[in-house]
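Quick setup: one chain, the form predicted on its own, written in structure tokens, and binding and motion questions come after.
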């Protein structure tokens, strides 16, 4: 009995040091931030000197038009970048899921944008969007078309395009890996049954890829809510608040407005939103996994 109990507890004992360190590294900062959000706190004070105000910061933010604008910009930005990156990345993976000479070189070229530092990406796109010497307006001018104020009238669209350029390769690589891990027997069975290429994609490949695609989309969605450097370099959140996402609003509130308690409350709102999205997508992933399992079982029965 004791030996059986010891055998059961051994894995937990080995995991205990790492779990303890992770708990300290995770729980302490979260608790510190949550406690700070209940205070009227500024950088000139230690947290023990700040006045306790309860939920005042949360209530103030709820009715703050600047916070709501940043929240709206964040949702818009995250929605469009994730939708377009998923569509383009999965589409490219489906297109290039075949034996092509030089595929390894092509994959390397595709992932290059991911390897560039965000600050460099922001500077690069800022100069390409330049109203007089930028490549886009120079091209429009050479074609006899009117120049566009990219970072003025179309600032949000411009930063969305930059993010799509940088992170679509991430979706492409994971989607291609998911495609190549699919059981070939299922695809062969569909081909023998007379399924066309589009039918194989729509009814076989995409449903079986869906659990991986959902996790991929979740990772990009979480990252899109936290983008800071690229937008900061390109537009600094302007003009007005047109590109000020929540991460930038939090940074400005803490550094420029010197309201650490309000910034902590904003961070908690962002954390809550990401937790809701994460749990929702995990629940959807479970449903898709069950659907994929039923699909694979049905194909094996047909064989």
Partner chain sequence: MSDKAHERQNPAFYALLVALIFMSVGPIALMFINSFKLDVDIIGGTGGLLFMPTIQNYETALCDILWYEPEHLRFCSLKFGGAFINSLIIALISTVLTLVIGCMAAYALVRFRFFGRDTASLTTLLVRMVPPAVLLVPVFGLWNNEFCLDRDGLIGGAIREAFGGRGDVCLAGTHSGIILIYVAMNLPFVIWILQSFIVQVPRSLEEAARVDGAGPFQVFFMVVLPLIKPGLAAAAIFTFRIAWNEYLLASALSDRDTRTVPILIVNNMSEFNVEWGVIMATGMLLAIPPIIFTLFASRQIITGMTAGAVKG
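Everything quoted here is computed from the prediction, not taken from an experiment. Residue numbers count along the first chain shown, from 1. Here the rigid core means the biggest group of C-alpha atoms that line up within 1.5 Å when the two forms are laid on top of each other.
The discussion below concerns the form predicted in complex with its partner chain, not included here.
Undergrad: Can you pick the one in 189, 232, 182, 164 that has a heavy atom within 4.5 Å of its partner chain in the predicted complex?
TA: After the contact test, the surviving option is 232.
Undergrad: Verify the flagged residues 117, 127 and 254 against its partner chain in the predicted complex: is each one within 4.5 Å by a non-hydrogen atom?
TA: Yes, the whole candidate spot contacts its partner chain.
Undergrad: Given the stretches 133-141, 199-207, 69-77, 152-160, which is the single one in contact with its partner chain in the predicted complex, using a heavy atom cutoff of 4.5 Å?
TA: Contact criterion met by 133-141 only.
Undergrad: So in the predicted complex, does any heavy atom of residue 38 sit within 4.5 Å of its partner chain?
TA: It does not: once its partner chain is placed as it appears in the predicted complex, residue 38 has no heavy atom within 4.5 Å of it.
Undergrad: In the predicted complex, does residue 221 come within 4.5 Å of its partner chain, counting heavy atoms only?
TA: No, residue 221 stays farther than 4.5 Å from its partner chain in the predicted complex.
Undergrad: Residue 215 versus its partner chain, in the predicted complex: is there a non-hydrogen atom within 4.5 Å?
TA: So residue 215 counts as contacting its partner chain.
Undergrad: Check whether residue 95 has any heavy atom within 4.5 Å of a heavy atom of its partner chain in the predicted complex, and answer yes or no.
TA: It does: once its partner chain is placed as it appears in the predicted complex, residue 95 has a heavy atom within 4.5 Å of it.
Undergrad: Does anything in 165-195 come within 4.5 Å of its partner chain in the predicted complex by heavy atoms, and if so which residues, in order?
TA: Residues within 4.5 Å: 165, 167, 170, 173, 174, 177.
Undergrad: So that I can tell if residue 277 moves, could you say whether its C-alpha shifts by at least 2 Å between this form and the one not shown after the core superposition?
TA: Residue 277: C-alpha displaced by 2 Å or more between this form and the one not shown.
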